[in-house]
Ligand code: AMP
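Take a look at this single chain, the form predicted on its own, given in structure tokens.
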Amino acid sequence: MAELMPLEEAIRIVIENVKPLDTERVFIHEALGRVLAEDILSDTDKPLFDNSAMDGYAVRFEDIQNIPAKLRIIGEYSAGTEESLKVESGTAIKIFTGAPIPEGADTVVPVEYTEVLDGYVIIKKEFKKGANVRKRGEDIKEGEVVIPKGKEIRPYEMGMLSSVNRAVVSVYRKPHVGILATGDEILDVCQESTKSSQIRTSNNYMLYGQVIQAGGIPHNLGIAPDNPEKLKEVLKNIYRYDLFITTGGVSMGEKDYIKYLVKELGIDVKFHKLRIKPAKPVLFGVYGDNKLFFGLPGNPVSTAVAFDLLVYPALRAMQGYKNIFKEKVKAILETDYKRRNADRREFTRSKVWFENGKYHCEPYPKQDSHMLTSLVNSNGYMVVYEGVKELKKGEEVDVIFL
């Protein structure tokens, strides 16, 4: 099988041909999960002023040297207060979390270490100077980069954006992905069957969901017949999309037209056929201005595997993500596994779970590439590497989460 390309080489070629998309500006509430295309700077020091980290009493450190200490309460500071009091020798101000530290005070004693008696507060425990005081700028200085370019925006980054008064940010654009199934035998959802040999589509809608999970914007273009002229007419629209996916038409049959039509359409084919199982007949090419074309096999499991291994990282890289691959872990195999042919790397649909500090996996019994149940009843791919015909229960294996 020397003509089949190793998976690592195929992944390298795909990623080498990916360029991050252009950018767009979005409101903060639309930024979740997007990748920043600019550095975010702080508009002010954070905190903006010295403030209390506790509910308690603002005091002078020198007044609490001898415990217990008795101090006269001269007022109260809450968050957002406009009071302007000064803590002088022998006095204290009741203070709440987030309130500014009054002039003259340098330490906050938590309320649980105090007792109030006739307008005085009794301090019952020693504290270091500056205890429970949040200093101006101790978290962030004005002009400091608080979120760097290239960072994925999580809820925490959304909180930081709002705290530095950024309502709109620049992020990498989501890729538009065209999805086209091919085959005379394929029926769409709710389409009436006219022949017993017809098959209900699954690839269009599975890929639609996979594209969304990868952060892209899917466009379901339906099903095209195995007719070269009609296929070519539909495929002329590929330039509208950043990435285009077809399913079917890339194998060795007489009606597998995609592998011929792509060259007529000006697609520069980089590889066709991989040393993997399922999803051997994968075609990849580039066209236009950094646009990507994937011709995937027609069997649904092959389509899913090819997407997860190749299309998913391409879409993630287009959006500027640093972590572009699906998570891979080590797991303990819970049953013996055998196969007849070890020429290709196999991605065996498996149930994966975490127990007693380790991941465990068990392959699903039905592994044929047309059996969508193998994906529905699994949450990972157990990787069986080239040259391996047999794995024993208890061995450690690589697992890629779906």
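Computed from a prediction, not measured in an experiment: that's the story for all the values here. Each residue number is its position in the shown sequence, starting from 1.
Just so it is clear, the following notes concern the form predicted in complex with this ligand, a form of the same protein that is not shown.
Here is the short version: of Asn132, Asn290, Thr201, Thr81, the single residue with a heavy atom within 4.5 Å of this ligand in the model of the complex is Thr201. Checking Thr91, Asn299, Thr107, Gln319 for any heavy atom within 4.5 Å of this ligand in the model of the complex turns up a single hit: Asn299. Residues Thr182, Glu185 and Gly249 are all found to lie within 4.5 Å of this ligand in the model of the complex, as judged by heavy atom distances.
Not displayed here, this ligand is kept clear of Glu152 by more than 4.5 Å at the level of heavy atoms in the model of the complex. Contact check for Glu126: every heavy atom lies farther than 4.5 Å from this ligand in the model of the complex. Looking at Asp256, you'd find a heavy atom of it within 4.5 angstroms of this ligand in the model of the complex. Proximity to this ligand in the model of the complex, taken as heavy atoms within 4.5 Å, picks out 241-249 from the listed stretches 139-147, 98-106, 67-75, 241-249.
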